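Take a look at this single chain, the form predicted alone, given in structure tokens.
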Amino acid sequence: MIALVDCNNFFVSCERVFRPDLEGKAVVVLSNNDGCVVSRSNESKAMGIRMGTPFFQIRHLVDNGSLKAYSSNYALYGDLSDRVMSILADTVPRIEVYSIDEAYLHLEGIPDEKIPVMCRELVVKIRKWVGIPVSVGLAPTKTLAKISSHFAKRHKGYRGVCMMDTEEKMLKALKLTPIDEVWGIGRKLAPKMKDWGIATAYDFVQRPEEWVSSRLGVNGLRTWKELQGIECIEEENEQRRKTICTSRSFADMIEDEQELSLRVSDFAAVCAQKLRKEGSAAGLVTVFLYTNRFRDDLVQYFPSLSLKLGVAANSTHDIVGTALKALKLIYRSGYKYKKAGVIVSDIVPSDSVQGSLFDFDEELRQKMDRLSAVMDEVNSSGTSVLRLASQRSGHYADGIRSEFRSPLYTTSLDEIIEVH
């Protein structure tokens, strides 16, 4: 049996932890630069607000007081996510963190009769200790656990926990699940499935294996088997990412090369930190720039350049230094840049990096690796206390439009909550 723990409307729930007066009110959280809706409370869903709705289309609802909007506060969300995951890790033998608001629990060794009780206790504990409401879906496979968690979230009678432990329950759930809500199908493939007469997950599993394999390939066949209770999706943590990208659109267009260098340094430093967190190293660094493609009155320029490292690395010094070299080669004055980003690729395990016969900087590289490890330890609070001189001072989100950002309640002493 596998359990999927899913934080309900996670970003909105994080905002409500320190603002209990928002309970029962329509709330949305916006993407970077306050561009569009990325999280909604149930009340805002009931108003017809959809994911991805541009903020300018609903700004009037904020102005008239019927909707509360918040800018993304990833430092807060990341910290509260860590608290939820630590509770889960202390409870079960093995946890697989799938995203910032989802984790799979592997329940080996836990008696079947104790699993539902344990999961209900988790729902109560996380709500009490962290303030985040969660739903738990229990099923034989990850795909079924996803479906089960949807039922746990939508129907209060489950009290946050839905267990799909019999064939009868499984078939009933499949008949009630639209095909576009099945993990692995999605909304892009759903129209084609409906053209084939497949409206629900149950319709899908009724198709012969040969039919599924010929039309949907290996991935479709894997989903088909998972829906029948046959576990065949590997643990995500065992699949190393092929690329890591950090990019941002700027609140205002940037012309100055020095200002662009500061932004690119920040993005490269985040990529390096992600590499170290995953135990990886990268052999290729790519930098790209975009002008504002929606401004027909401005000249356009969309350059990118990839530079290969002599030896795969994950130190902030190496990744940032290479990114700045690439930026210097592609930057052209006279353009107004709206977006920049850094991509690291050719990723390998950091403990099996292939050295070079003509590598004369090994000692320096080892020093930089130790320095990066110290930076990670100091910066583990979520704030960039230690950074390279080529990076911006202040919070990483400086320069991004965040008109409605809540305080950094848990990661900055300057913004800690005040009780009167």
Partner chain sequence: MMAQEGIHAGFPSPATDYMTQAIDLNKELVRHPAATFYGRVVGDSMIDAGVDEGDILVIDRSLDPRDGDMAVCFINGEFTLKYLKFRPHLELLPANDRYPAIVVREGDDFKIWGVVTYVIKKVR
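Residue numbers count along the first chain shown, from 1. For the two forms, the rigid core is made up of the largest set of C-alpha atoms that agree within 1.5 Å on superposition. Note that this is a predicted model, so its numbers are computed, not measured.
What follows is about the form predicted in complex with the partner chain, which we do not show.
For the chain shown alone, Trp129 is a contact residue for the partner chain in the predicted bound form, at least one non-hydrogen atom being within 4.5 angstroms. The partner chain in the predicted bound form comes within 4.5 Å of a heavy atom belonging to Pro20. Remark: Ser406 does not count among the residues lining the partner chain in the predicted bound form, judged by a heavy atom distance of 4.5 Å or less. Within this chain, Ile343 lines the site of the partner chain in the predicted bound form, having a heavy atom no more than 4.5 Å away. The stretch in contact with the partner chain in the predicted bound form, judged by heavy atoms within 4.5 Å, is 81 to 89, chosen from 250 to 258, 81 to 89, 216 to 224, 107 to 115. Although the partner chain is omitted here, in the predicted bound form none of Thr143, Lys308 and Asp318 has a heavy atom within 4.5 Å of it. The contact residue chosen from Ala326, Val270, Val97, Leu174 relative to the partner chain in the predicted bound form is Val270, the criterion being a non-hydrogen atom within 4.5 angstroms. Only one of the listed residues (Asn292, Ser350, Ser304, Gln228) places a non-hydrogen atom within 4.5 angstroms of the partner chain in the predicted bound form, and that residue is Ser304. Once both forms are overlaid on the rigid core, the distance between the two CA positions of Lys274 between the shown form and the other one is 2 angstroms or more. In this overlay on the rigid core, Lys339 has a C-alpha that sits 2 Å or more away from its partner position between the shown form and the other one. Relative to the superposed rigid core, the position of the CA of Leu305 differs between the shown form and the other one by 2 Å or more. Relative to what is shown, Thr223 and Glu278 are closer in the predicted bound form; their C-alpha atoms differ in spacing by at least 3 Å. Relative to the shown form, the Cα atoms of Val38 and Val342 move apart by 3 Å or more in the predicted bound form.
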